[in-house]
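One chain comes next, on its own, written as structure tokens: the form predicted on its own.
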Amino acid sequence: MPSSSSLPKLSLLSTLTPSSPSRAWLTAPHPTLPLLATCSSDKSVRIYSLTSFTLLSTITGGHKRSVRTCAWKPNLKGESVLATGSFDASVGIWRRYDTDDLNPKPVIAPVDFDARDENIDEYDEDEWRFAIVLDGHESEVKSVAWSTAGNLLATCSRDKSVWIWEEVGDDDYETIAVLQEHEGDVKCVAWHPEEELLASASYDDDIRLWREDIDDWGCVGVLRGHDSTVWCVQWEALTPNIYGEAEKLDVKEKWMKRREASGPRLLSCSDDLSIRVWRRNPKEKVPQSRLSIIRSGSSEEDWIEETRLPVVHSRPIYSVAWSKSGRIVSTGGDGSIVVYEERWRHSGTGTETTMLGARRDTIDGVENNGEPKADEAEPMEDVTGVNEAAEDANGRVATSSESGSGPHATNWVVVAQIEGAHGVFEVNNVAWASRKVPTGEGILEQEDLIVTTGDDGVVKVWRLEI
């Protein structure tokens, strides 16, 4: 087993200032700029610099209750667009022209949604300006997400519905679907990184997959297995990154071939203290007549539970994030941050390595001697199936053979952990953020950081020292 000194370590890089005076829900990293947007119970969104770790501007006045969620629109140049979702049941769209000046700006004046049709040209180019409000939900908006192309916006709510909006013109959005098959509060929505496939997680313990078929959006798969509320779903990047060296090249090739056929995997976390990875079983090509029969009687998407990550958290897991480098980070009600890696499996790999002697630190920097916590980790399941019975999209119990044959190629390990990340407060959200930092030769190098958002109103930035 590697020594604790050779393993990654989580260290606090900065606490963003000033913090929110009330609970902070979520922080969304900008897709291209060193910016962070933080939603707060004080009805505002704070924009922070990921370079100076200071407040740049505050978006306020647009919502009448807590701002629960936000998301940056992707694939834009010269302008940033932010969608916000609030407990007042509304969704706001905000715009700002990008400039090279990322110094703090004065807080913009409150914006009255009831006067949204009035002229808003009075705003300076370097200020956030209100574009449009999207009304329709009957209760609190819990999550918003842009599709990869940026033309679709998904929203979900406590009213048990998922809405899909399409941008049909400048600041003009049209509702193209209202999906109401969940039986409980919908907590999270997330778009596939390549396809127009939407995943939603709910209080009803289910994950649903949605896709458009002949101009009509519908549920194409139900992922069952969690025993309690599913708080968050996240997609894997297009290109997987497995750590270490494969023991058998043929096994690695088979795994990579299967991954290419199934596409990015889906990650979920729950009140049941589990983090699960789901994989699509590619369907064999069949004649159109048979395909139409299948669609009328069963789900179009066939997904299985591929594995569960080691159990570390002692309270509900509220948030998970999958980095482009292949690592997963989780957080929740116990205030812990846990980082996981997927590694090529070697002979003899077992339960004792699922914790890998992970560094367990506290926010004051006191180390716990890197002692492994294997006695609290449940055995990690094989990459091709699960030991416990898992229902597929049609409610059938899937055995490992039904889950699809393939090499037992990888396993997940905990490589870093920190307890009490926000003191005694719960941590509501965790995200990966990237920024460019100069190296010794003056070359800019990409650095992956971890951002946590807590009930204390504080946003913290952590470095994973490798």
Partner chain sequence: MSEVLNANPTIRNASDLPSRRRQGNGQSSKTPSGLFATTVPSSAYIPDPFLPPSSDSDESSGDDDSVEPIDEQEIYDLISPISDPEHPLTLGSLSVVNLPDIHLTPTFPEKGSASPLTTLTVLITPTITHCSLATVIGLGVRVRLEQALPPRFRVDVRIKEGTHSTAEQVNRQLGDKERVAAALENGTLLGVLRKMLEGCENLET
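If you're wondering where the values come from, they're calculated on a predicted model, not measured in any experiment. Residue numbers count along the first chain shown, from 1.
What follows is about the form predicted together with the partner chain, which we do not show.
Think of it this way: in the model of the complex, the partner chain has a heavy atom of just one of 221, 333, 310, 225 within 4.5 Å, and the residue is 333. Proximity to the partner chain in the model of the complex, taken as a non-hydrogen atom within 4.5 angstroms, holds for one residue of 343, 182, 96, 187, which is 187.
Judged by heavy atoms within 4.5 Å of the partner chain in the model of the complex, the contact stretch among the candidates 321-329, 192-200, 140-148, 232-240 is 140-148. At a distance threshold of 4.5 angstroms between non-hydrogen atoms, residue 315 is in contact with the partner chain in the model of the complex.
When contacts are judged by a 4.5 Å heavy atom cut-off, residue 265 does not count as touching the partner chain in the model of the complex.
Within this chain, residue 280 is remote from the site of the partner chain in the model of the complex, having no heavy atom within 4.5 Å. Although the partner is absent from this view, residue 53 stays clear of the partner chain in the model of the complex, with no non-hydrogen atom inside 4.5 angstroms. Taking a 4.5 Å heavy atom cutoff to the partner chain in the model of the complex, the contacting residues in 55-74 are 65, 66, 68.
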